[in-house]
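Quick setup: one chain, the form predicted on its own, written in structure tokens, and binding and motion questions come after.
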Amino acid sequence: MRAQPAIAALRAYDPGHDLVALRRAAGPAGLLELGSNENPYGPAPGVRAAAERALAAAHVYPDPYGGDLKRALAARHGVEVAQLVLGNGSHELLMQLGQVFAGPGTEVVFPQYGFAVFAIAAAAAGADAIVVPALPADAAMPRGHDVDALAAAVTPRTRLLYLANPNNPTGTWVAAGAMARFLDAVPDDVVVVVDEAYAEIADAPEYASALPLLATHRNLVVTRTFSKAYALAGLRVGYAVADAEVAAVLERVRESFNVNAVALAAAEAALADDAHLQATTRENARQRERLAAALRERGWRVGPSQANFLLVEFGPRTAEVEAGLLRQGVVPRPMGGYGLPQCLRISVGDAVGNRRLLAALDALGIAPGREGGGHA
């Protein structure tokens, strides 16, 4: 069968490892899954009851508008319901943005080491991908977004610009002032998508969400997810916040009933429990700093992170480290697909999981070489 050229040339999203197969083969200790940036503390206590109530009506279609969740989100963020679009995870929304605003003969700009879906969305739309080099590894924000270069890469053919803040897989972030200046520098006819999948987790004083900038930048779209901080990765709920006219266009391509009834109910319950969110994100920050310090003490390079994962440079022995961890049931995320073959992305676990990870690393007996040692 003949697919469209842009689709035929497309490379599918790479999840890293076949976790289902690894779970089946795991020994009595089970897997320690540190490759998908999931929340090890689980969702808020009220989520399960809300999901079960929704499941009782599984024979009925879900609300096609997601009205209750949208109203809760609008109240949380101080926006209008008409500014919200719900997605089957933010991945779906990022793809829809490419479908709506890009196409053959246009350009989509995004940073090197940016989220893999940016490139997939550009290719699926048949647009030309303009990849802007990241900041160098020895910069103050190693491998972070060069927002000045991103703005400078915009041409009359540019229709869409993606970046993530904080960024996956590097964990780096753009400070609030730099983000505001960047948006001011981008022409109003270029849609700027700021993916904030890890925004609830970020706690650096200079970090701020781009959501307040929606009031002055009609070309801005902010995407969020319930998969990370809210621990609903298995239910797939995301949302976009945009100018009402932009949101209305996105609604035209949104699949009907794209967020199921259980997911809608669970997300609304999760959003209502701010105490649980704050407790788990505080603990993530504490464990993130402890794990980063322990890895640095062992001589590995660890990049700065405002997410629930660390990008760790293991140098030329990265594949050996990864294989050794897998033998012990510890699953990191390989980074070769991102152009970072000497790095592994490691999700921050709870205290018990992080101790198991460190013990597994120590058991390998691999000392950092000059290429992998030092501090990022």
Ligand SMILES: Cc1ncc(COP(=O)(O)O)c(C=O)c1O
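Predicted model, so just to flag it, every value in this text is computed and none were measured. The first residue of the shown sequence is 1; numbering continues from there.
Note that the form predicted in complex with the named molecule isn't included here; everything after this is about it.
Peer 1: Please name which of the stretches 286 to 294, 271 to 279, 220 to 228, 67 to 75 has residues with heavy atoms lying within 4.5 Å of the named molecule in the predicted complex.
Peer 2: Among the listed stretches, the partner-contacting one is 220 to 228.
Peer 1: Using a 4.5 Å cut on heavy atoms, which of R301, H91, R254, R159 is close to the named molecule in the predicted complex?
Peer 2: The option sitting close enough to the partner is H91.
Peer 1: Assess the spot marked by Q112, R143 and F182: is the named molecule within 4.5 Å of a heavy atom from every one of these residues in the predicted complex?
Peer 2: Negative, none of the three is within 4.5 Å.
Peer 1: Even though the partner isn't displayed, in the predicted complex is A127 close enough to the named molecule, meaning a heavy atom within 4.5 Å?
Peer 2: Answer no; every heavy atom of A127 is more than 4.5 Å from the named molecule in the predicted complex.
Peer 1: Give a yes or no for S209: in the predicted complex, does one of its heavy atoms lie within 4.5 Å of a heavy atom belonging to the named molecule?
Peer 2: Taking the distances in the predicted complex, the answer for S209 is no, it never comes within 4.5 Å of the named molecule.
Peer 1: Report yes if any heavy atom of L97 sits within 4.5 Å of a heavy atom of the named molecule in the predicted complex; otherwise report no.
Peer 2: No.
Peer 1: Consider Y198 of the chain shown here, and say whether it contacts the named molecule in the predicted complex, taking contact as heavy atoms within 4.5 Å.
Peer 2: Answer yes; at least one heavy atom of Y198 falls within 4.5 Å of the named molecule in the predicted complex.
Peer 1: Relative to the named molecule in the predicted complex, which residues of 253 to 283 have a heavy atom no more than 4.5 Å away?
Peer 2: Contacts from 253 to 283: none.
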